[in-house]
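Coming up is one lone chain in structure tokens, specifically the form predicted alone.
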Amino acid sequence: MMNNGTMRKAEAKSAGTVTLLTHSYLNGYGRDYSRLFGGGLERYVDLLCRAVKELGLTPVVYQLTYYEPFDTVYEGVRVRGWPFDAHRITEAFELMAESAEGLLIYASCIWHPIRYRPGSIGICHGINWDTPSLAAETKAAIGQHIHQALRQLDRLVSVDSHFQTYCRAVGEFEDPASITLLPNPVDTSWFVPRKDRPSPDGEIRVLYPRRLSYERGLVTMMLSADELLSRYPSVTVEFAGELIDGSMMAAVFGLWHEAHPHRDRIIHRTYTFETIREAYHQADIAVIPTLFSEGTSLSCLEAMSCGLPVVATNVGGLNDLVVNGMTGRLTPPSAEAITPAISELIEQPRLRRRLGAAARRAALTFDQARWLAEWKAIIAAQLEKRDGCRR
């Protein structure tokens, strides 16, 4: 049994801790816990840890893992991995919460029927159930889960306007400020336009800077690449993103690439967060062909900040980022729609330059410094509220 002094020390430690609960951070897919998995969620959590540190608090990350439990330190942040059954994610989050200290931020999976710890914050990274293939009964159940989250969480941070509107349309809650719209950020001082670089031998590089997965439009981009590579001998297509070994998409992409008649003009590289800028600087056009499950895409913002014209599908938070005809092209989510938009930019260099310059100006409004300040204010206000309730 703890004495009073020990209890006060434990309470002080807990008061200075912010625990982020998420399904992915370190590479639990590949069993490599020495690095982050290269997706938008992981970058978001990493940057949120920075905001916590800048407040003088201690961030801790609890994540799910497909393998054994682990407890490690990554760049000064303690990270604990919790094995789980794919059909029992809700239970896994509740077990993580029982063990966690301090203020809790549920950084993913809020569409599950989780019992949230009182006084916590949740984050929605976009509506991921916006696919026609999902049964109406499943979508109705998700609506109930979101309603439950609205009632239990003190605040919900939405990365795009679509989830905020969804909540107002189907949810019941008294305080409009309980849902905070805070779009994802970009480091505009790092992701800068390249210096003028004439394309070698007139090459035009089309960049897909995404995780190679179905919902991110991988198959759509492959189909579009088939036509673009056949029509334009000067075009190279780069797929710059993580591919999960052993997945169906990894097998499909590998077979397609190996057998492609223009495989010498198809590139696949995996970049770190620090090196991905190289891909943007070598590219002329960025394509964000999401089918469903999209918030404010970090790769879209990074491409825009680097002054690239973007062809994006009109899915989720991409509509918050790209203004059709002004900062890029918005199309329906299909290869038949995105291919003509990419072709237009291939054929019109002046249009590429105009849209790219406008994209850079738009990206400045999503600067990372502003986002960090807003998140620090959210955390500080929640801690003050929690401390006030204890008095």
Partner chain sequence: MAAQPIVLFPCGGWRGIPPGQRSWLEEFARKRKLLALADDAPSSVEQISLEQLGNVEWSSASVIVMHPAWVHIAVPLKPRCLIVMLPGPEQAEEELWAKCRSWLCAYATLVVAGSEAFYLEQSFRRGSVFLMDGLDETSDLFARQAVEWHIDGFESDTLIRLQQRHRANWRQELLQKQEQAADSSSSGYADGLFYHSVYRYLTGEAELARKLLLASFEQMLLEGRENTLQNVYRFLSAVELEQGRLQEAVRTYGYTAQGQMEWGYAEQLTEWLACGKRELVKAQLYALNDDYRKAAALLEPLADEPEARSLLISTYIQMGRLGSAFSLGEAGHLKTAGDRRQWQHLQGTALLLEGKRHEAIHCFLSAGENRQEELHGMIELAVMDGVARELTQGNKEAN
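This one's a predicted model, so the numbers in the text were calculated from it and none came from an experiment. Residue numbers count along the first chain shown, from 1.
Although not depicted, the form predicted in complex with its partner chain is the subject of the following passage.
- When you look in the predicted complex, the only residue of V219, L243, V77, A100 with a non-hydrogen atom within 4.5 Å of its partner chain is V219.
- Contact with its partner chain in the predicted complex, judged by any heavy atom within 4.5 Å, is made by just one of V73, A86, A259, A169: A259.
- For the three marked residues, D226, L291 and A335, a heavy atom of each sits within 4.5 Å of its partner chain in the predicted complex.
- Contact between M249 and its partner chain in the predicted complex is found at the 4.5 Å heavy atom cutoff.
- Not displayed here, its partner chain is approached by Y214 to within 4.5 Å at the level of heavy atoms in the predicted complex.
- Contact annotation for S133: at least one heavy atom lies within 4.5 Å of its partner chain in the predicted complex.
- Although the partner is absent here, L255 lies within 4.5 Å of its partner chain in the predicted complex, judged by heavy atoms.
- Contact with its partner chain in the predicted complex, defined as any heavy atom within 4.5 Å, is confined among 232 to 240, 148 to 156, 259 to 267, 297 to 305 to 259 to 267.
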